[in-house]
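Consider the single chain below, provided in structure tokens and representing the form predicted on its own.
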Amino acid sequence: MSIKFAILGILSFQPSTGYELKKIIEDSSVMYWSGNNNQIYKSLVQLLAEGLATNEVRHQESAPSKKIYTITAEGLSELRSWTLSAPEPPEFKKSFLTQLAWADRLSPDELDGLLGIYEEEVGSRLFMQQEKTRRGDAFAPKRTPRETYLWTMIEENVHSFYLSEWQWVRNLRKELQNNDAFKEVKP
């Protein structure tokens, strides 16, 4: 996903500063993006150049001026077109699975340690997702009942992913620990 569409989506909900956009994207479990902060600002410059967003400088007495970005009618049209485009299939390639594919060379304790670290990380993310949902901290526009439902289902999807992954790694560890045939290590 291009950061451009995450930004347009947020701006369709509320005018925002670059910093506010960065925080929403950074804190989001939904808006996957692996870039750096400069890309947000570069994307904003591009959106302005393409006429998909505008900005207004707001002066403040006791703080630096703010640039508030707002989506344009052309930006809304671009966001709508992207939303109607064919969705990308889910990505199942995970670096951990590649790492695990070659883990037969590890001792049983080393393998259990690797799986334990992964279990802890996934469990932590599951807990953080549950807490975000419980506290209502997740960014989720709720302008209509349907939008509220869609964002609730998005949160449920993220939660179910982490729960499934956590259960999977726990079951894997248990089976490896309880089956003597798995305790042999190849030279």
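Every value quoted in this text rests on a predicted model; they were computed, and no experiment measured them. In this text, residue numbers run from 1 along the sequence as written.
Omitted from view is the form predicted together with a further copy of the same chain, to which the following refers.
Does Leu21 make contact with a further copy of the same chain in the predicted complex, using a 4.5 Å heavy atom cut-off?
Leu21: no contact with a further copy of the same chain in the predicted complex.
May I ask you to check whether Val122 falls inside a 4.5 Å heavy atom distance of a further copy of the same chain in the predicted complex?
Although a further copy of the same chain is absent here, Val122 would touch it in the predicted complex, with heavy atoms inside 4.5 Å.
In the predicted complex, is there a heavy atom of a further copy of the same chain that lies within 4.5 Å of any heavy atom of Asn178, even though the partner is absent here?
No, Asn178 is distant from the partner.
Using the partner position in the predicted complex, report whether Thr72 sits within 4.5 Å of a further copy of the same chain, counting heavy atoms only.
Contact check for Thr72: no, nothing within 4.5 Å of a further copy of the same chain in the predicted complex.
For the chain shown here without its partner, which stretch in 39-47, 52-60, 130-138, 114-122 has non-hydrogen atoms within 4.5 angstroms of a further copy of the same chain in the predicted complex?
Only one stretch passes the 4.5 Å heavy-atom test: 114-122.
Within 4.5 Å of a further copy of the same chain in the predicted complex, counting any non-hydrogen atom, which residues from 137-157 show up?
Contacting residues: Phe139, Pro141, Arg143, Thr144, Pro145, Arg146, Glu147, Tyr149, Leu150, Trp151, Met153, Ile154, Glu156, Asn157.
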